[in-house]
Each structure stands twice: as C-alpha cells, then as structure tokens.
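One chain comes next, on its own, written out as structure tokens in the form predicted alone.
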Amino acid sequence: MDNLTTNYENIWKEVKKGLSLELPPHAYSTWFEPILPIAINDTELVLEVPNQFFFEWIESHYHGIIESAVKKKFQSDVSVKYTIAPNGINGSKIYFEDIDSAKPQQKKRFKSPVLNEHYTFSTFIEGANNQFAKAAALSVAESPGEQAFNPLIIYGGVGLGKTHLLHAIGNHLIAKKENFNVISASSEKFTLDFISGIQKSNTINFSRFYRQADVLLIDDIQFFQGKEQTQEQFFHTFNELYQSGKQIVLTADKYPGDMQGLQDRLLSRFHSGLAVDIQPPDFETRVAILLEKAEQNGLNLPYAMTEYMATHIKNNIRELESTIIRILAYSSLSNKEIDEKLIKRIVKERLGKRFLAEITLEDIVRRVSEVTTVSEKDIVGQSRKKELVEARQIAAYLGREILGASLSSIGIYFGGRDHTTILHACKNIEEKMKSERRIKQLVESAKNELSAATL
C-alpha cells in the first residue's frame, strides 16, 4: 500500500480514465472531471468535490461505481470519502459564485472551458454522413457570431461525433483568438450551476458568468426537457448573448422541433439559426475511423480485419473507437497476440445479441454451402440425395441454434417444409454430432464463423 499511497493522484487519474470509457460523456464531464484526490491512508481515499449539492448527487448516484473502480485499481479494500472544497474552490478551478472575488489571473483560468484537447477538426474523420455538420462547425469557429449560423445546433444519435465537433470549435477558438472567452458546459452542468446558485442565493453571479461568454457551447440540450426554471434561465442567457452578437452552439440527440418538454419560445429561438444533423457513418467512413484510431494507438491491423469490424459495428463511432481500445487492452492484459481470432472474439463480445441479430438464414445457408461444398440452391431445394439432405439439415439446425428461429419459419425458408420435418432434422444433427466427428466438425466450423467466436 505504501507505493500506492505516494502515487494516489496518478491512480485516481487512471480510475477516471476508466470511468470515462464506461459513462456517457456529459455525465463524466459534469460529475467526474471536477473531482480531485486530496489524501489517502491505509483504509480511505479522500476526494474533494465542489459543493454540498455536488456531494449529495455523487453520494446518491455514483458512489458505488467510484468505490468499486477505486478498490479494483488499488487492489485493496479502500473506501472512498468526500470533502467539500472550501469557499467553492476546487483545486485550481473557480466556480461561478467566486467571480467577483477572484484575482485576474484566476479569472482567466476560470474562464477556460473544460474541453477534450483531442477533439479537434483535424482528428474528426469526415464522411458523407457528417460533411455538412463539419463545414458548419468550422465556419462558426472561423467567424463566430458573424453569419446566420447562430445558434448552430448539431444533432444526431449517440456516439456520432456531436461532442467532438462542439469541442473542436472551442479548441479552435482558444488556439486562434487570444483573450476570447469560450464557455463550455453540458446541460447537466448548466443545471447544476443554476441549482447551486439557488442554494447559495447567488443566481446573479450564475447569470453573469454564462452571459460573459463570447462563445457559449452547451452539450446535450435535450436534458433541459421538463426543467422549467433551468429553461427560463437558459432562455434569458440565450437572448442576452444573441442580441450582443455572441455565438451559441448546441448539441442535441434529435432535431429540436421534435423535442417534447421544451418551451415554445425556446424552440423558436433555436429555429432562428442553423440545425445540422450527423448520420451514422457509412462503411468507408467506418473503415477510415478504425484505421485512424488503430494508427493513433500504434496498432497494425490487417485490412481484412478492419473491414470485418466496420461491417459489424455500424451505428456508433464511440463503439468503433472503444473496440480498438478493448483489443489493445485484452492483448496486453492476457499477453495474447492480436490476430483474427482475437478480433472476432472482441467484436462478438462487444455486440452480444446485436451481432446474432444481424445473421440471417441466408447467411447460414451461404456458410454451410462453403463448408460442405453443396450449392446454396441445392440446400434449399427439393433433392433427396444424401449429401444434400445432410447439408440442409445442418443449415436447419444452425438456424434453430444460432437464431432461435421458429421451426415453421425455418421450414418456410427451406421450400415450405412443415415444422415436424425441421424438428426431425435438428434432432438428427444433434445425435450425429455425438457419434460422427465429421458432422461435428462441419457444424462447429460453420457455427464458429457465423458467431465470430472461433474459440
């Protein structure tokens, strides 16, 4: 424990890194980035949080996941305790209630947003699915508040790159424009700050802080739904900035006009600017993302395996990236070489039932045709030749085993055969697998390829 005691700050960083991969980005940035490690002894790690409300939220929502991650990292039965930062100051981070009393150099540091430095325009993989969104974001970053793209709203599903573009705008502005005040927050953080202001009877400084932005970046505005007072505050903040020619950029999970629970006057303001969507990446873009992420991590992937991953992981860029990380981690921790077998196993583990849902009876017939050298046409045909019946029964068995398809639906696919015929086929293959090695090998070969297990 002695070495761990001296390195607890680095270990807490590693714990946070792990949590950042498990939690939604808005939740992680709001509730975990502000936490600082203060001290450790033989039984306790002490973490500092900004205020009482923050403490109560962490204690009720995230304490279990934090303590579990800490124990795993320290490999010791260490409990986690919290202390509240004095006067709202958390390490070097100053909260909005201290704007007036902060020293000039502290104010400058305070105004610096919490941005992911890796989220830049140069690291954003462009494809047909996001081209327009990137162009709009770059235009705003080059000329904030100077064109009709105000507010700019970037919307789309989870893990498609909305937050990446939002942070890219902030990073671009900080690099190009000195003394330019960029304020970035998740909707959850905005709400937290507002509630904290109410608790401390200090909503004036809350308003003053957000309204001093030259560019305001708010992530996941859908979480304002149903929060009337928060929407009221955001409405007035929005108006103040908009009328002053300041740039506002928002992200959302859907087109704002389709949201329920947002005030009409707020939606009206959103409609005054530009809303751009990001769609799931196409195959070529998914391959490019995988190759880029692999290169960043020093991983040399065979192109065929990159295509394999891109074929199965379709809708979420974050899943593509985390798959690469998982491959590296698994290889390192288990001391196994990164090969086709490992990659297929990781893909199957990542997708679980979703992977199997992508397989069809047509895929099964195609694979059985490959391992038995019987044509697909003959497998679904009417011939009663022994080798054709055997291949047909193997395909029917796998349809039942892998897909869990009904006997009737399998029978319909195989030329309108009734469910008793399919049931007989399945039982026949089950029995033959126990006594005939050749049949067992054929079935396992087809099944392993289809399930991507190759165990």
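The structure presented is a predicted model; accordingly, all values stated were derived computationally and were not measured. All residue numbers are counted from 1 along the displayed sequence.
Absent from the display: the form predicted in complex with a small molecule. The rest refers to it.
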Item checked: Residue (of Lys293, Arg345, His312, Lys227) lying close to the small molecule in the model of the complex, criterion heavy atoms within 4.5 Å -> Lys293
Check: If you check Leu328, Val114, Val380, Val158 against the small molecule in the model of the complex, which one has a heavy atom within 4.5 Å?
Finding: Val158
Check: Applying a 4.5 Å heavy atom distance criterion, does Phe74 contact the small molecule in the model of the complex?
Finding: no
Check: How about Ile317: is it within 4.5 Å of the small molecule in the model of the complex, going by heavy atoms?
Finding: yes
Next item on the list: Indicate whether Thr83 is a 4.5 Å heavy atom neighbour of the small molecule in the model of the complex.
Entry: no
Checklist line | Heavy atom of Tyr242 within 4.5 Å of the small molecule in the model of the complex | finding: no
Notebook entry, point to check: Can you say which of 365-373, 380-388, 195-203, 124-132 gets within 4.5 Å of the small molecule in the model of the complex, counting heavy atoms only?
Noted result: 124-132
Notebook entry, point to check: Does the trio Tyr119, Ile289 and Glu321 actually contact the small molecule in the model of the complex, every residue with a heavy atom within 4.5 Å?
Noted result: yes
